[in-house]
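Only one chain is shown below, in structure tokens, and it's the form predicted on its own.
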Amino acid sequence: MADGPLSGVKLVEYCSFVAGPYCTKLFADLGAEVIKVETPAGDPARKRGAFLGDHPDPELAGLFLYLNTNKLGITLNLDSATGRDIFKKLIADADILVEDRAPGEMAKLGLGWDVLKQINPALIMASITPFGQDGPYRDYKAYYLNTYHASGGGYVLPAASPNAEREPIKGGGFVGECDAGVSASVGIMGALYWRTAGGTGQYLDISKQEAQMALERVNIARYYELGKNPTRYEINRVRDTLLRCRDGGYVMVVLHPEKQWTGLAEALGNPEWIKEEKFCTQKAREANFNDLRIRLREESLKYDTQELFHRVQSQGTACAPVCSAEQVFHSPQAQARGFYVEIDHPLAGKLMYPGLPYQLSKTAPRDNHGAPLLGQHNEEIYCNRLGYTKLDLVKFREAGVI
């Protein structure tokens, strides 16, 4: 296992795809023992490309490899009575259970909170679902695209769209799923701290919609307080703007408050048009924002991306290039801070992974290992810990239990 500040914490994960596995990855990467329980068919993330070497092998799926570092992996069929009995044995010794089945599904299996807390009163159980365990949407089905737009986040994207008919879009990749995973992990950490301080186990109900709504709270509050519905169309604000450069790249430049504007003007060499009355004050620039953007875009085309980025930053104005995955990977800042870590995998070999987004001075994690193969740790968990024999494992496989 990886070693870190959460070493000694035992977590059982019964999740698939992104939100739940990302939540538990945050624990595993900090040293918690995470036992990932997959159905015998495996986590659907194993079937989601891209695949290493473009070879469609469920053990080489990039999404799965990333989300499941530092975990132990077993297979278990909870539709079988034997599988449910084994699951209860796992829970008896766990600190945390994270599951993402539909509301009521665990209870129908006889594995709901009311049952499991009797087995382990200190258990912290977290359920991650699209809309939560109650409310009128409780039983609605949803994919990531649904929950993202249900949060209101997609309605303001793409920001400052020039076309009022441009349809809304979701955030890139699985950012909303990861947001739900982060929200779940923070809640679990709070429950774990409270239990350590003398409390008991408890149940956490995490709604993916609400996790993403929490990130849109500024827009929601603006509607509540001002009655204004933020839109993606022609956002008229002198706060920031996107500028295209001579080499085809982009930079995002902050224009407010005044000191940010002054620094940008200096970086651009204080061209004559900046002295025009309609650009002399913040209020005037706000009223003439469309003209301002046109002028700024004409100026930005005189520079390459990195050149403009460093010129603006040298004047103390916030500015950053819009980076591709390749540029982020080769970022001198990320390289200097050792953000990427090399982790070995039984089949994929040694690969570079994004590391922790923070650095611990005393308890930095070490000894990372790759995502588990399907059922890789069945013998270790079932035989060495739960007391089953190798013959039992053969019978379990024949019966479809594992």
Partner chain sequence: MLNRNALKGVRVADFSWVWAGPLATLLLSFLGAEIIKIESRKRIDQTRHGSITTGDSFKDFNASPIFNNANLNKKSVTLDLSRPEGADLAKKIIAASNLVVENMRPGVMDKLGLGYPDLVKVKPDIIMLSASGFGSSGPYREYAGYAPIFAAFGGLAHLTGYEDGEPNTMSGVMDLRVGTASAFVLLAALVHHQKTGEGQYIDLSSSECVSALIGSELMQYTMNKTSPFRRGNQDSIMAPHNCYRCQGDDKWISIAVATDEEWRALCGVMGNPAWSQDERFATVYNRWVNRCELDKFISAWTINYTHYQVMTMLQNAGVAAMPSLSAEEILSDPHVKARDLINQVDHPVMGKKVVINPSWKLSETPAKIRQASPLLGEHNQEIFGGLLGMSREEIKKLEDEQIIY
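Numbering follows the first chain given and starts at 1. A quick note: this is a predicted structure, and the numbers were derived from the prediction, not measured. For clarity, a rigid core is taken as the largest C-alpha set superposing within 1.5 Å between two forms.
As for the form predicted together with the partner chain, it is not shown, yet the points below apply to it.
Checking 86-94, 269-277, 224-232, 104-112 against the partner chain in the predicted complex, the stretch whose residues place heavy atoms within 4.5 Å of it is 224-232. Under a 4.5 angstroms non-hydrogen atom cutoff, the partner chain in the predicted complex has G201 among its neighbouring residues. Among heavy atoms of T196, some come within 4.5 Å of the partner chain in the predicted complex. The partner chain in the predicted complex is approached by R337, whose closest heavy atom lies within 4.5 angstroms of it. For L6, a non-hydrogen atom is located within 4.5 Å of the partner chain in the predicted complex, even though that partner is not displayed.
Note on contacts: among G375, P58, P44, G62, the single residue with a heavy atom within 4.5 Å of the partner chain in the predicted complex is G62. Residues of 111-150 lying near the partner chain in the predicted complex, listed in sequence order, are F131, G132, Q133, D134, G135, P136, Y137, R138, Y140, K141, A142, Y143, L145, N146, Y148, H149, A150, the criterion being any heavy atom within 4.5 Å. With the core held fixed, the Cα of E225 is displaced between this form and the one not shown by 2 Å or more.
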